[in-house]
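Heads up, what comes next is one protein chain in two forms, each shown on its own as structure tokens, labelled structure 1 and structure 2.
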Structure 1
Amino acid sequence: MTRLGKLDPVTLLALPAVAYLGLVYGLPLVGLLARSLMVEGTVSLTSYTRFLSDPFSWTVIGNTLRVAAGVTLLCLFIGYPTALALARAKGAAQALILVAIILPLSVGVVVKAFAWQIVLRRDGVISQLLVGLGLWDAPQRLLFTETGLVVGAANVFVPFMILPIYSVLKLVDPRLIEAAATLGASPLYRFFHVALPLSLPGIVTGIAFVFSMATSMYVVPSLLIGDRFQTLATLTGRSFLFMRNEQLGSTTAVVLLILSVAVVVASAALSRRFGGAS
């Protein structure tokens, strides 16, 4: 029997999705890659060597990775306790937390970004709160700063950190925590040696989701920090929309794609490792 003959018929149900992704995602990507490699009608790596030899390009790559790392860490800091509370909650309390997490996903990113423009400005809620707490002597503007961008982007992506961690935590047998407690383990010991290791696959998946989306965000940086701060995604957009430089846009898009694929592959390897260990 051939390998095709051994294929589970249920697997064929995925064919429409595979064909759709191949047509609307894979095919344009191949075109983008081909455009980045074509220089004056010949295949060449000139666009990549030119891009990587420019110090400004490394500044843009550094901006992209730094902001994505900040957003991911903030989402993890906020998301893990929320996922833990969601996994422990029962009945109406759990439903209420789920609604609070999922409902903001129905609001468009553009609307959220404009709302954060109000929150982050000099007379916004955050500035007034920090002045009221005595942490700032006078109101300061967070809008059009890197800190404001990280805070605003974390608001958009935090559900994608909470849900993977929650999906793993809800499968953890609570009797393991109780068994550790009966053996005299302190709450901190139970968290760092039982709950946290068991939830690592969810943490890795959440980090991969948020980091990948944060590296490729375009609307949020455009509205919260402006053109003076460039990331790979905003530089790609400017190259196509304003500079009419398809060569540069294709090159930055492929570099961005390589970064995202590297994150996904690394996270998949880590998930298998931690999943097997768990």
Structure 2
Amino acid sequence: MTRLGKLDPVTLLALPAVAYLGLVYGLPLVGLLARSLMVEGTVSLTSYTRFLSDPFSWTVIGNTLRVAAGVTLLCLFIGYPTALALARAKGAAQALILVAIILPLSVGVVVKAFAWQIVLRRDGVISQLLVGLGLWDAPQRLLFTETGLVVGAANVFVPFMILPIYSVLKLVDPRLIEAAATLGASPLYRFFHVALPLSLPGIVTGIAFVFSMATSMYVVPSLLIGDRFQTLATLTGRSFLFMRNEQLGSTTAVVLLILSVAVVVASAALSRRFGGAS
């Protein structure tokens, strides 16, 4: 009997989708990896050693990681309290927070990036607000700055931080926190030793989502910071679409791919650990 013979025939229902993705997506990805290792017909790491020995590449890698880290931190800082508020809110407040998360999630990234171009201008809303509050002496432009990029990107990705944390927080039994209080734990102790560890799997997932999306974003930096500032993703896109340097583009694409896979694998391992602990 063949191995296939042992399979339940109902499993065959999965075949079309698996075959489809294997051919249209899996095979091309393997091809991309293989081609980046082939230089003039032989297997070699030349394109990687060349890429990694160029100081410009390290600037680009640094830009990518710095911006992604900034976006992730900002999202965590505003996302965690928002998830907490959503888990505690009832009625109209809960509906408002949910709409504020899901509606922007359903609106395209081009629309939002374009809106941030307007908001971050010298005469934009933020500049007017900060001057009005007396925090800035004169109007300033945030568009085409790294700060502007981080703020705009955080706006696009913060729902992906809030939702995983919320999905964990709403399952936490409030009596656990009360029990800790009854047993004499101080509020800070309760937060750091009870509430925070319980929500850790959600935090890990949120950080992984936001970090990997911020690493590979293309439309947001194209519109909010422009060509002078390159990240791995914008460099990959430009190499293919404008510079016609497919060798460089394939190399940066594979570097980007490795980075994303590493984030996904690390976060899966971490959340298994924290999930197992609770």
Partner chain sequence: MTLTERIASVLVWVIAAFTVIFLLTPLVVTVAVSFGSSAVFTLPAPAWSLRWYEAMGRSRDLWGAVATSLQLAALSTLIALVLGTLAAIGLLRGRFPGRESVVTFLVSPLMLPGLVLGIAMLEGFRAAGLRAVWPSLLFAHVVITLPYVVRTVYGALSLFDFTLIDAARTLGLSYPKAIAKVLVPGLAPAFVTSGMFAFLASMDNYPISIFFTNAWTKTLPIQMLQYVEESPDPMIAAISTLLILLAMLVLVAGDRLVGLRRMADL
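Numbers given to residues start at 1 and step along the sequence of structure 1. Just so it is clear, the structure is predicted and the values come from calculations on it, not from any experiment. Throughout, rigid core stands for the largest set of C-alpha atoms superposing within 1.5 Å between the two forms.
Structure 2 is taken from the form predicted together with the partner chain, while structure 1 is not.
With the core held fixed, S186 shows a CA shift of 2 Å or greater between the two structures.
Residue displacement note: A92 has its CA displaced by at least 2 Å between the two structures (rigid core superposed).
After superposing on the rigid core, the C-alpha of Y25 is displaced by 2.9 Å between the two structures.
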